[in-house]
Every structure is written in structure tokens, then in C-alpha cells.
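To begin, one chain is listed below as C-alpha cells, in the form predicted alone.
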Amino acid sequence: MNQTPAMLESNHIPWDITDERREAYAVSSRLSQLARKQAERRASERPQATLSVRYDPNEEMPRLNSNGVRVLSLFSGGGGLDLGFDRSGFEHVASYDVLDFAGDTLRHNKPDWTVYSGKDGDVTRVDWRKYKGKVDLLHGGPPCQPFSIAGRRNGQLDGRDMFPEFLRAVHAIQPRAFVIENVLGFLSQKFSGYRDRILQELSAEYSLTSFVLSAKDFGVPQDRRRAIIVGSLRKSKRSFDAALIPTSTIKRGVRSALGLNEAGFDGLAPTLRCTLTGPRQTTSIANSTASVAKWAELGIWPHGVSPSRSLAASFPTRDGTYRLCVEECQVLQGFPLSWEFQGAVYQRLGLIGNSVCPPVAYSLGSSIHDQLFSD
């Protein structure tokens, strides 16, 4: 079953819970809304709080000159892959995403890019043959929900599974290379049969390399690992070696990155949760009880992320820990502050948590160019 725009825009699957539990959630939500309104009043009465961020992701990805390699982006989301490949010198052809606010984000930051979103960004409706001969590299992260715990792990039986659509684009365009990104769950034994069929279909024309990249190895202050597949046309007689991807010598903790008092302890942020997945819309970036414990250890509150630093400062947490704002979350994901996300708070956080960390994409792109496209 193909994924429709309506399915993607809701993106979360409601839990089957009791009426009592549902009412408890409703009460909690109303109390939270009341507290936010009180915080908004306090914020309007106080001087504007400013960010103290000390980590600039652009330092990990200095802009390179154009390398002439033309790239097409599928499932572009908040633009993690797009931004990283752009800064490493690739020439943008177009981006596709079915979410309107994803398209708004890309167009806001890159008004000269060609961006398709909403119904126009629905990859199931596109005849990719129009790009044949016009695209050298295709990249994208098919929706991870079918392979993640939060998304119920139904794999190919999940209507959100877009691997067949990515393969359809590869076959129609026949780019010289492609990059697929997904959660580690895609590599699990549960999906081995489906994964093997995908790889077998691609390997007829492409040499494939599968590996895992960790964001912390690229200067990002987050414990985040993702599965990557790189394919290169067999007739090019080139293959990709993941061991040659340049990594960062800098390892930074979350409190240091945000400019907080380290207070004798610091460490990597847990993997930021995508707030577009789950039983209800939320502004919590905690993806497990273990991550909640890790955030507490870092002295940071991962629930109820605020839209601004001023509002966060006016909204004390129940345990006295530090409340995050959206901009700080994007920095923890490796997005520079100059990249402005659009949409409601949960939508912006969803785009951030669902993105490839740009410094990871930057190093990956640089290595792909050097290995597969350089003369």
C-alpha cells in the first residue's frame, strides 16, 4: 500500500488506550497549556533571554566550491542531507517531501532551490524519467517509522514504507550513485528478508556498501547512529569505502555545546526523538525511559520544548532542570542557527529529530565525491 499525503501529514498512529488513560492525557495537556500561557505572560514582561550556544555546526562543514555533481533529494524533510551535500559542493536539482512545512522550511532557507511539497512532493505521483541524464546522485531517507519501535515496526506491511518508491526512482533515473539513510532497526534480523530483497534488486546494477555512521564522530553533541547504504553504478568500476569518510577530532558534550555551566558533568545528548511519530502530537524529544534518565543526568528537561529561549527561561521545569528551546535542539542535531525551521513547535522539532545531522551528510558527501566522482 502506498503512502498518501494525508497519511504522512498525520504520521502518528494513535494508541489503543482506555478512556481513563485518555482523559488523564487530556487533563495533563490542559494543565500544560495553562502553564505555557502563564509562561508567555511572564516572558512578555521580562527582558528577552538570549542563546548562549557555543557550537556552530558550520565550523564542521566549511563551504566547498561547486563540484558539478547534480543531486536530487527525496523525503527531504528538514534538509539535513540537502544542507550537508550543498555545503560539500553538490549542485541542487530538486527536493521532494509530502509535508508542507518541510517544503516551507527548505524554501525559506534556500529560496533559489526547486522544492516540491504537499501533493507536488508526493513521490508516489512523480514520473522520475524526466530526471534521467539530469541527475548524478540521488539521496534520501525513506520514512523510518516502519522500522522503528515508535512506528510499530511493521516493515513492508506499513503503508508508510517508501523503499519501493526510492527503488522506482533509482531504476527510472539511473544516477551514477545513490545514498539511502534509515534507522538502525532497518538492519535488524526482523527485516533481514525484506532488506535482502531490496539489496538484491539494487545490486543488479550497483555496487553496494552498507555501514553505520555515528553523529558524535562528526562533532555533533548527540549519541545518534544511522544506517547508510551507498550505491555506485557497476559500469563505473568504482565502489565506496566507508572507512575513508573523514571524521572530526572534536568530541563535545551537550552542556558545552549549549554554553551551559558544565557543573562537573557533561556528555552526549541522547538521540533526539522525532515528534511527528507516536500516539499524539508532542514537544518532547525523549524517545525512551533510558533517554529520560540520561537527560536528567545532564540536568536538562527533554519534555515541553519551548519555541524560544525567552519563553523557556520563563517556564521553570518541575524539577529545576534546564528547559530547551527549538533552536537549541537544532544545534544538538548539527543544524546552524541560521537554518530556520518553519511550522508549529512540534512540526519544527519533528523535522529536526527526523533529519540526518548535516555535518554527517557533509563528510559523507565529500567522501562520495572524492571516491566516486573525482577524476
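Remember, predicted model here, so these are calculated numbers, not experimental data. One-based numbering along the sequence shown.
What comes next is about the form predicted together with a small molecule, which does not appear here.
Residue contact check for residue 270: none of its heavy atoms lie within 4.5 Å of the small molecule in the predicted bound form. The small molecule in the predicted bound form comes within 4.5 Å of no heavy atom belonging to residue 136. Of the heavy atoms in residue 285, none are within 4.5 Å of the small molecule in the predicted bound form.
Among residues of the shown chain, residue 75 is one whose heavy atoms approach the small molecule to within 4.5 Å in the predicted bound form.
124 is the sole member of 124, 261, 114, 192 with a non-hydrogen atom lying within 4.5 angstroms of the small molecule in the predicted bound form. Screening 162, 173, 177, 229 for any heavy atom within 4.5 Å of the small molecule in the predicted bound form leaves a single hit, 162. Exactly one of the stretches 92-100, 236-244, 203-211, 252-260 approaches the small molecule in the predicted bound form with heavy atoms within 4.5 Å, and it is 92-100.
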